[in-house]
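As C-alpha cells, one chain now follows by itself in the form predicted on its own.
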Amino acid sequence: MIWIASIQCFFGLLSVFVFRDKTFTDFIYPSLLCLILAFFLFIRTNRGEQKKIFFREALAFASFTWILMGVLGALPIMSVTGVSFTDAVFESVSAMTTTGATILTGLDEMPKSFLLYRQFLQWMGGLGIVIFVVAILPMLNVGGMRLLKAETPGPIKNEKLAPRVASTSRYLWLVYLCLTIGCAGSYWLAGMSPFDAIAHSLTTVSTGGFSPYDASMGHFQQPIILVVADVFMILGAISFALHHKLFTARAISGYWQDEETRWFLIALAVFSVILTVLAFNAQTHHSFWESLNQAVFHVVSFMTSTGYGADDLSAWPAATAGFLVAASYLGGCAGSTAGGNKFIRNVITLRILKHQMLQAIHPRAIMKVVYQGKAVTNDVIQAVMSFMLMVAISSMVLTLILMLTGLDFFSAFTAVSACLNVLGPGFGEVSSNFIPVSDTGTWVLTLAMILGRLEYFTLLTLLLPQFWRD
C-alpha cells in the first residue's frame, strides 16, 4: 500500500511540475487513502517476534498482493476517466498483469500524467510486484524464496543468481532497468519523441502492450520503430536470469545454446514466414517488405504476449486470427515478462508425447524425457501436464461463461485467450477494446488475467478447503 501510494503521489507531482494537466487531486486523494489504510494495518499488526513464512503464506501473499494492487491502482483511473469501478479495476489489473486489454477510448486526448501512470503500472507488474517487494523489504528475506517461487512463472523455479533471494531479485530488476533504458534510447533514435519513447519502453520490455494512443504502434509511420519494438519484445520474452548470466559471461552464443530460447526463436521465425506469405499473397500491403515488417511485428507481439497493434488485422486473411491466437498460447520463455504456456512447457510436452508413443512401440525399453541434456524429473513432468490440462479446462469453462453473458463464441474465446495468456487484444466484438463485454464478463476476465499471470495453481490453490486448515 505504501508503494502504490508513493507511485500515485509521484505522478500527482508530475502532473503539477512537468505536464501541468490538472490531475493532481486525482492522484493525491487515492495516495492519501492508501497511506491511511497502510497506517491502520501497521498499528494493528503484531510487532512481536517475526514468524517464518511457509509456502501457504507465500501463495496467499502473492495472490492477495495482485488483487489488492489491482484495486488500489484503479482509483486514479476511475477519478481521471470517470469509468465505473468495474471497468477501472479491469484496466488496472490489465496494466499490472501486463495483459494490455483496455476499456478506454480517446487516449490521444487524455492527460499525459495519467497516460504515463498507466504505462508505468505495466512496467511495475512486468517483472512482478512480489519480486519487487522481496527485493526491497528485508523483512521478507526469511521466506523470500517461497514468495519468489509462488510468483515466478515457469515449471522449474530453483535457479538463483545469488545466495540470497533478495540479491537475486535485485539482479533481475537491474537487467530489467537496463533493457528499459536501452529500449527508450532506441525508440528516441528511431524517431519517437522523448515522452513516447519512455512511455513505450515501459510497455515493450514488460511485454505489456499499452500505448498512449488508440492506434497503438500504428500511430507511428516509421517502419524502423516496429523493428526496434521487435527486438525489445523478444528480449523481454527471454529469461532475465539468462540475460544476466550471459551478460556477465559476455557470451551471446549462449542464447542459442539454451534449448528453450532456441526453440522460441525458431518458432518466431517459422510463424513469421508463414504469416508473411499469407499477408503477401492476400496483397494486404503495397510491397513484400511492408508485409514482412507487419507480419514479423504481429507474430512477435502476440507470441511474446505484448499485444501491440500496428495494422487493421480485419483486412488480413481470415486465418490470421486463429494463427495469432495459437501463437499467444505458445508464449515466451520461463522467467521472462511474457505470458502464455512458456516454451519450456511446450518442448517438454512434445517430448512426453513422443516418449509415450515410443514406449507403446517398445513397452520394455527404459527411456527418459530429456531436456537441456538432463533427464526431466517426474515432479516436473506432472507439473507440466497438469498446467497444460488446466489451460485447456480454464479456456473452455471461461469461454462458456462469457458466452452466457451474451458474447458470441469467437469473441468470447479470443477474449479469454487474450486474458489468460496476458496478451491483450482479442478479435470479433473485442477487436478494438473490451467495452462490449458486460460487467459480469468484465469481472470474469479480470479474474482470468490474475489467473494467467500467476499461472493458475498459485491462485486456485486458495480455493481448496485444505489450504485454510491448520
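Don't overthink the numbering: it's just position in the shown sequence, from 1. The structure presented is a predicted model; accordingly, all values stated were derived computationally and were not measured.
Keep in mind that the form predicted together with a further copy of the same chain is missing from the display, and what follows is about it.
Distance criterion of 4.5 Å from any heavy atom to a further copy of the same chain in the model of the complex singles out M385 from the list A375, V273, M385, A215. A heavy atom within 4.5 Å of a further copy of the same chain in the model of the complex is found for exactly one of A318, V227, V71, I266: A318. The closest non-hydrogen atom of F64 lies beyond 4.5 Å of a further copy of the same chain in the model of the complex. Heavy atoms of F280 never reach within 4.5 Å of a further copy of the same chain in the model of the complex, leaving it off the interface.
Although the partner is absent here, F434 lies well away from a further copy of the same chain in the model of the complex, with no heavy atom inside 4.5 Å. Although the partner is absent from this view, L447 stays clear of a further copy of the same chain in the model of the complex, with no non-hydrogen atom inside 4.5 angstroms. In summary, the region of this chain contacting a further copy of the same chain in the model of the complex, judged by heavy atoms within 4.5 Å and restricted to 188-196, 85-93, 204-212, 321-329, corresponds to 321-329. Along 352-367, these residues reach a heavy atom to within 4.5 Å of a further copy of the same chain in the model of the complex: I352, L353, K354, Q356, M357, L358, A360, I361, H362, P363, R364.
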